[in-house]
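You are given structure tokens for the same protein chain in two forms, set apart as structure 1 and structure 2.
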Structure 1
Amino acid sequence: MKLKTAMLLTTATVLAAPGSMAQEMADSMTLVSWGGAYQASQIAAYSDPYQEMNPDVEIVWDESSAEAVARLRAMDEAGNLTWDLVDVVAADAIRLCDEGLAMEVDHDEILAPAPDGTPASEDFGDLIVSDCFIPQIVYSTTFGYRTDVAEWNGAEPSSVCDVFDTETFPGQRSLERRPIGNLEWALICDGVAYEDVYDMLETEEGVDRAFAMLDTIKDQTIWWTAGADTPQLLADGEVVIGSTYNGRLFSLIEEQDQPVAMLWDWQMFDLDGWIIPTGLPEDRLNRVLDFVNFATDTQRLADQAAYISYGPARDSSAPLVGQHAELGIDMAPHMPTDPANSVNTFVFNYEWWADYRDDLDARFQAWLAQ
């Protein structure tokens, strides 16, 4: 029934005359995101233009997306919802939707259609992985390496398996301190075919193989927990190759001009987008719907790509992706979805990880601690 109010919204009236709307809208809003360069790109592409049109609206940013599920559960227990719109990865969106903590939305009703009139649900296509999820970007977790390592004698890594090759590419690595992603890469490099990876991981033998592969680099690896760790470690020369989000690497390479290059082989695809928490009061919900409608239209998603190298989730945004806001370089070749970059891509299996996460995590942490 919350959707009834949403139905009243039409893009034109919202954008043209926010003040004259019949319905009440809250004049402040708490948006939750990831901090860092990603949040900065959202501020530049979405919230700054929005505030220009709605000068009375106060927008508070909270960098708590990493703890979003825990926080929303706690808020739900307390019945005290302080967030209005939350940026989460797809896996968290599915979980929040399952638990009823995120609101189910009708994408065609609340989101703007593409400029040519294609309904939002078609424009986003398969990326709408849950009824609650409003996709924004496609990103990937992939590797960056230093280009000035003397011990490599001019060789450059070309495959993800070079991460495991300490003979040709000696030096410290950095990998994320969780099993997700690392186990898949380990199996791929142990000769398992892409299609068989998750089946293999269900067996004791497969998990053993993955850990045995990781064992080969365990002592030469720094295990990161925050997305900024690897760029920092690469810049400081603490590691020679490490995984992180592709956007972080882009800013390290292009914006900070560090001697680092991208390795796109078997990049791990993932999605990120908004969810609206269940149970917002009417005026706050109206404000959020107004904002979401604006922030996810074709132009805004394309604009975001001018600040960070994540692919816009709408098909119709792709042709509009232009140049970097400050550097003036073309952004398209830096997108994870660019054909040259996506020769080998790994599509992350949310459902599978939802089941095996606890077990494998316990095992992974035990393995790390030993």
Structure 2
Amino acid sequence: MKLKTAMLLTTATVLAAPGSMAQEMADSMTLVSWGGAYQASQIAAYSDPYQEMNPDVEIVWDESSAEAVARLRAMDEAGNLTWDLVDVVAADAIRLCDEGLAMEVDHDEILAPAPDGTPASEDFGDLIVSDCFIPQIVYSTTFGYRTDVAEWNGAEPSSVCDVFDTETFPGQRSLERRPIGNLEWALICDGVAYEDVYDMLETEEGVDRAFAMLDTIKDQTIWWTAGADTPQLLADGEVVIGSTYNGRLFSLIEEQDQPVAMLWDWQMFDLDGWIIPTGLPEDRLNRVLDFVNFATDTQRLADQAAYISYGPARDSSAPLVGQHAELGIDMAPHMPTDPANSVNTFVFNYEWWADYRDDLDARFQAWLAQ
């Protein structure tokens, strides 16, 4: 991918291996993530151990990743960069990279190799979807549903298209307040083949068709903006079925023991990882690089899977995934990549969404306001 000149850094400190740094490092960092169970897993696996090794470093967590693109654009325009490291989905990383708001990195220079010496770029492999993206996890957006809905007469959803079947499965739904994922599901459930979805969405007819399908459940849908919303709505019985991140549903089902089950059909695979904002002062950048080198090594990514059911992005981490840190249950069967859970999976076209996201975001918000 060709990157804007603004993303290219010429100072040697940027590409120096963090373990060999003698430069001054800041004594604080602001890390941006998504809150909830996911951020708690990052704190347990990454930042708490890092602070044990570096007790003088203060780490402040911000939960604004859902607005990362808009917020970083505003910071760049104002010339006031207050974030040091930002957790984003792959499509947003590509957008930020293209706009020069995320720093281009040499993964083999700044990240630790695998224990057997395999370079980081090979260990992460195809999950490095942008020169600015530092992968952490593979996750999915999927549906959870109440298992105690009297009106369903003992039936349970088995297909994502049951979300659109309000006759068999009446009740309030919850869907994310953005087009990504929702448009793909709508077309799949309107009969479009998986391999044709993005070609269809490039046409006005296809977009209209997706929104027409969403129209059929619009009045029975609560639109969420935070990953914690659907689990809370399900727990409170305000919705009977809703989308969210699979790790949030794992927490609801296994940790909170709620009467909720997973619907894995056509789960939306996605990647999440770090980007380093362009323009950090040298001492802040040095601290970030030191932290990233630690937080993305093989053991740390495997450790995160002990707290939440997201697959580690490194190949070398997978064999180290064991049991839940508190529940003592095997985590592998709860991963979105488990064969039993991934019969039908939808893999996002990250570059497509990077190109079309702004236009479809505007169209989606206008549709919601109608």
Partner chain sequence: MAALPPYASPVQRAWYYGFRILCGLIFFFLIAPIIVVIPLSFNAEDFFTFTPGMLALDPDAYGTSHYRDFFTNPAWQQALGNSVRIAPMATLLAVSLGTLAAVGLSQSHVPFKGAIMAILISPMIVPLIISAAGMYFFYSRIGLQGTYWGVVMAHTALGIPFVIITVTATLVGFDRSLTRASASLGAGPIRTFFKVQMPLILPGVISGALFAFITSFDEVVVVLFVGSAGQKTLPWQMFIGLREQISPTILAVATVLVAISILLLTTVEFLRRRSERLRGMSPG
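For clarity, every value in this text was computed on a predicted model and none was experimentally measured. When a residue number appears, read it as a position in the sequence of structure 1, where counting begins at 1. Think of the rigid core as the biggest set of C-alphas that the two forms share within 1.5 Å after superposition.
Give me a 1 or a 2 for the form predicted together with the partner chain. The chain shown first - structure 1 - is the form that fits the description.
After a rigid core superposition, would you say the CA of residue 356 moves by 2 angstroms or more between the two structures, or not? Result for residue 356: yes, a 2 Å-plus shift.
My question is whether residue 195 is one of the residues whose C-alpha shifts by 2 Å or more between the two structures, given a fit on the rigid core. No: residue 195 shifts by under 2 Å between the two structures.
Indicate whether residue 207 shows a C-alpha shift of 2 Å or more between the two structures, with the rigid core used for the fit. Where the cores coincide, residue 207 still shows a C-alpha shift between the two structures that is 2 Å or more.
Hey, core superposed, how many Å does residue 365 shift at the CA between the two structures? After core superposition, the C-alpha of residue 365 moves 3.0 Å between the two structures.
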